[in-house]
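This document starts with two versions of one protein chain, written out as structure tokens and named structure 1 and structure 2.
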Structure 1
Amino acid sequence: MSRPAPPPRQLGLTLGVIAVLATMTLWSAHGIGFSVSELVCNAAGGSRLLRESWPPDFAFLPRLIGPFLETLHIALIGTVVGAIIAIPVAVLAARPVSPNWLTWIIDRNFMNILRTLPDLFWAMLFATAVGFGPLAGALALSVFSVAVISKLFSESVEAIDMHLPEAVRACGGSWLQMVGLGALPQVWPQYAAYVMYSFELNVRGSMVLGLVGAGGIGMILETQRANFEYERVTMIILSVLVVVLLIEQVSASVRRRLA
């Protein structure tokens, strides 16, 4: 059976959206100076880089164990610290349980500031403040974890059934008792899933933060790239890929059980 043709109004809307997207894409390409001819002319350099990057230097693998462990330590500390701080931040940003309108506005703006500034900026800031090394990376990922978890967790708190918190209040309970006994027990599974998701992001992020001196495997990657040791760069990338895929599978399995 053939599918019926879309109505003219819907077809016109679809064509209009496609035209707008195509126009914006061409305008953006012109704005960044994109050139197909330059891309083709520089293809030789890309192919040379690929030849120099393969095969990976497997003899370099044992030297990655220490930096990998440091990367996991940075990601774990950043996730734990950020997850703890994110609880009060998320609760105060959830309108149904926030103490008052002013607190809600201030906390929402605080969350927006954290999400606006990227983790790379925080890494450079903390590297300047406490020196280059894993501590700067852990602090940067702590801030990043607060931004991610508090945003997701506050939306879960806003979607709770308010009958239980209101019952706690009606029985004379304080605001803390309302939150602790009526609101949070409804969303702890979602919170655990967000923490696991944040840990996944932090393992990836800690690799990037190392490029600015924040410790971990990223510092080794930047050193080898600067020395044009591309076969070692390939080995690092493949190793990170395997570790990230393993963590992602474990995290996804845990989140499915919590859902």
Structure 2
Amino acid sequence: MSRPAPPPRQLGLTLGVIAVLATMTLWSAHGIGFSVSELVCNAAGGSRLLRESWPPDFAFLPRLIGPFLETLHIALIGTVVGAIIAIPVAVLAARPVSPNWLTWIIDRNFMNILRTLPDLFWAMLFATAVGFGPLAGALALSVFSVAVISKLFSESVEAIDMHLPEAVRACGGSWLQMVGLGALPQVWPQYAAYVMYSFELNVRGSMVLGLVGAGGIGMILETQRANFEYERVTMIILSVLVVVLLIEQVSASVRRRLA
């Protein structure tokens, strides 16, 4: 039996892709006025900033506990509210279980809209409604969580074994019972994992929202930066790093156990 000839290398294609990417990068750099020489010239300013930022102001640490708790509270409320609302949103957007085509299409588009708009936008929107502060942040993160969890979860629900829901139907179960007893029990572990993941995102998100006045650690970070208290800023950044890593570790280990 003769050995097959190796397939032709697509050198032209590779070079073409590289050329397109390089052109796009240069074009973008030009567009935003990005230049390496300027970056080097400004390095002095950067190093001054770095010098002022060290050592971190450990004495500031106790004053971070309150804001940290507030950040966690915002993230937690956002996650819980979002996780609850995400269940029906995800189920109605999952083709095989969605009751009809119209519901499916409406819900799909609803999810797309939620996902397209950034959490910062929601924060602004809720801030005009309830005023700047933790509540606006929590509401914004609720919407954000619905967007994240419902997208992931509806894909899980679409992948379930539809034979089981049919068995519930065969016993005389209603649509709700079919979903609740035949469909969802197959995907609760994934759901829990998505909720944990969403909580991780929300902790980070609530810090960003704090920058625009939603309270918590982000707000402290912004006020200290505005006052040129760079040693405190470093302290805040370090502690944020520790907390985020901690939460990610816990979440990852829980998710591993669920899988």
Partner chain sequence: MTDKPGTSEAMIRFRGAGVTYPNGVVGLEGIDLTIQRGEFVVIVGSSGAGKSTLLRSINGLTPLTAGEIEVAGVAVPRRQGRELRRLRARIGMVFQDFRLVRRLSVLSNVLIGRVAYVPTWRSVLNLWPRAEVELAMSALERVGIVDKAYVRAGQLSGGQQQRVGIARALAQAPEVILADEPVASLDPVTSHQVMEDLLRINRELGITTIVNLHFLDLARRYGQRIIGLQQGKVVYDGSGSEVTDEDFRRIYGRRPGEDDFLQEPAA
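FYI, numbering is relative to structure 1, first residue = 1. So that the term is clear: the rigid core is the largest set of C-alpha atoms that superpose within 1.5 Å between two forms. The structure displayed is predicted, hence computed values, not measured ones.
Between the two isolated copies of the chain, the form predicted in complex with its partner chain corresponds to structure 2. With the core held fixed between structure 1 and structure 2, L246 has its Cα displaced by under 2 Å. When the core is overlaid, the C-alpha of L15 ends up 2.5 Å from its other position between structure 1 and structure 2.
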